[in-house]
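First structure 1, then structure 2: two forms of the same chain, each alone, as structure tokens.
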Structure 1
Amino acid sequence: MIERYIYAVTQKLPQNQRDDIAIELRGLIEDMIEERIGSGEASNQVVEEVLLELGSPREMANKYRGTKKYLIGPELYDPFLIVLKIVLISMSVGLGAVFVIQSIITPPEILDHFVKLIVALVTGLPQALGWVALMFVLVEYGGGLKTKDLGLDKAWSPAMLTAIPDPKRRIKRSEPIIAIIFYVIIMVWFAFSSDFFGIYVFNDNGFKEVVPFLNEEAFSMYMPFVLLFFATFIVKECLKLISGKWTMKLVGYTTVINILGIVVIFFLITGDSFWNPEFMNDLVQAGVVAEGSEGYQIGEAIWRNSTRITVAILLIGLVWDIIDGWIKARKK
């Protein structure tokens, strides 16, 4: 019984301390038994008494372990809750929107869509919870963003009070929150139905079809990267939310993530297979424009330019985000 107890305690402790603590505990238990009955064979009852006095192995191990018994510490717990709420709510909203759109597209299959919505919620929300938690655990333990950097350090003095950040340096909480909501909803849409991005064609009987912007066949291949891409951006927004003001460190992270984003966009979107190569033909078939008409040419010009412009806007946006951060972080 004694050995079992010792095993149960040491099992919960770091490898390198186990042997030492085991010997110590054995000595302690024997001392305690000896005190009760003197020398001689101890009955089970005495051993039980002693072990009861020592308390459950879990409590004992906890006392030995001492510090850091949490995955996400008190400093990060608040931002964790905020991000979690945002992600879960916006994910539900995104999925709900998917359901609504699908029901508009094919009303007879509404029950089917509803089942899919429930399945997506049940599988998706715990996953989101897991990812958000993982991200915060990495921040907590990776120490990339130490509490010290965030001004949450315990050793604190009034001298450390930074001037109330210049309003221009401050990051309004609403900014990253809106960005996260936006990213999550887009992610959900990408993940569940990439063909939502397109032109909705209606005829007299209501909805007819969607002419997708994206190349659906190639897209399933891209999907993991796109999702990962958005995930990193959500990380970026979370860091902003945690930090609350522009600092050089934050700008550093932003720069890295944005450059990553630029690279991804460059390879992904500028490739031929990202956009729907049959977009114009699809439009013709959907009866939106007639081939060879003036409308067709205008449409084609818009289509061709708009894909380029989208890329350009995204790139400029990312670069601006970096520059903007730099400017704001430098303000004293």
Structure 2
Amino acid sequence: MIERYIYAVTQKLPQNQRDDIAIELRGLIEDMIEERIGSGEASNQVVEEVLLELGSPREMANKYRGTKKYLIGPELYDPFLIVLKIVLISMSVGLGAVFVIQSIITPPEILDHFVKLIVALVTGLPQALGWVALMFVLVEYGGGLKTKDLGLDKAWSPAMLTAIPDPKRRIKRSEPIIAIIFYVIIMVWFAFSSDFFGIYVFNDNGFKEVVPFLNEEAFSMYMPFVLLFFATFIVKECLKLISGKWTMKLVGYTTVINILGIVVIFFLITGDSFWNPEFMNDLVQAGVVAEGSEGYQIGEAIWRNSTRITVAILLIGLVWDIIDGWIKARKK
């Protein structure tokens, strides 16, 4: 019960303070118990009396923080800073990569590309900051995945403390962080240089052209849905980072977001105008393959089944994400 109480308190405090406060709080509880019983062994009743005197975990955490005025509370502030840094750095790296590739493809226009890079950084980074802050504010005041607000419950008792989660239920910080970096960079590439998704063709003089996978003429119509798809997945990874462990509530959020993702994917890539309708002809024109050759036939077969293959891979991945979370959330 004592360990559960300490865990509940420290989870509401900044990461770098938790270990020290856990030691201090454990010592305080032991001293209070000793005052009541001396050197004897404490009963559950004595422990409950001490914890009731200390107050709910939220009340105790507030005492350690010394303030209650915040837009994004201490429970979410560390994850907020982590996500913000990830998004801003990943976005900068993605835009930098776009600039480098554009400069390689069209060297005479390097000055124009540089100006576009500066404009994208000046306009994009503040927007990213705003969206990340808004998401965490909504989680803060909308309930999100935070622990129950036991401090507002006058009937709080130590019996309401939840068990310390099994290590197998915990989510390594590196997992959502890597996923967020990947999604942000892909979003930047789609938003600023979707024509880079394709087959890069080189000749003796170096780079020649890109044979695009996507239908550039119609892709602007799909852009909002593509960005929505990746944005919802970033939200999912942020929720994992905030929670720090698999719970049935997190599994529920993951299920809803993954289903939404499946619907968006199906809507996007099954459309006739999403993929480049002249992809194989463009490969022939670029000299990558000869029409009618064995390589052409293999490439055509892969291209013809690319939609089914992509849907199958993504579907398997998203369904496994739900199942894996559900299995881990059931562990005591």
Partner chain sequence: MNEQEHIDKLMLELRRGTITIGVLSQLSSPQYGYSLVTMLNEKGVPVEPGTLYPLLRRLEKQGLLESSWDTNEARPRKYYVLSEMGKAVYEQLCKEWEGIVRSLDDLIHTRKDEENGDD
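Note that the rigid core is defined as the largest set of C-alphas that superpose within 1.5 Å between two forms. Since this is a predicted model, take the numbers as computed values, not measurements. All residue numbers here follow the sequence of structure 1, with the first residue given the number 1.
- prompt: Between 1 and 2, where do we have the form predicted in complex with its partner chain?
  reply: The chain shown as structure 1 is the form predicted in complex with its partner chain.
- request: Align both forms on the core first, then report whether residue 46 has a C-alpha shift of 2 Å or more between the two structures.
  value: Superposed on the core, residue 46 moves its C-alpha 2 Å or more between the two structures.
message: Is residue 32 displaced by at least 2 Å at its C-alpha between the two structures when the rigid core is overlaid?
response: The answer is yes, as the C-alpha of residue 32 shifts between the two structures by 2 Å or more after core alignment.
field: Large Cα shift (2 Å or above) at residue 316 between the two structures, core-fitted
entry: Residue 316 C-alpha, core-superposed: shift of less than 2 Å.
query: What is the magnitude, in angstrom, of the C-alpha shift at residue 305 between the two structures when the rigid core serves as the superposition reference?
result: On core superposition, this C-alpha lies 2.8 Å from its counterpart.
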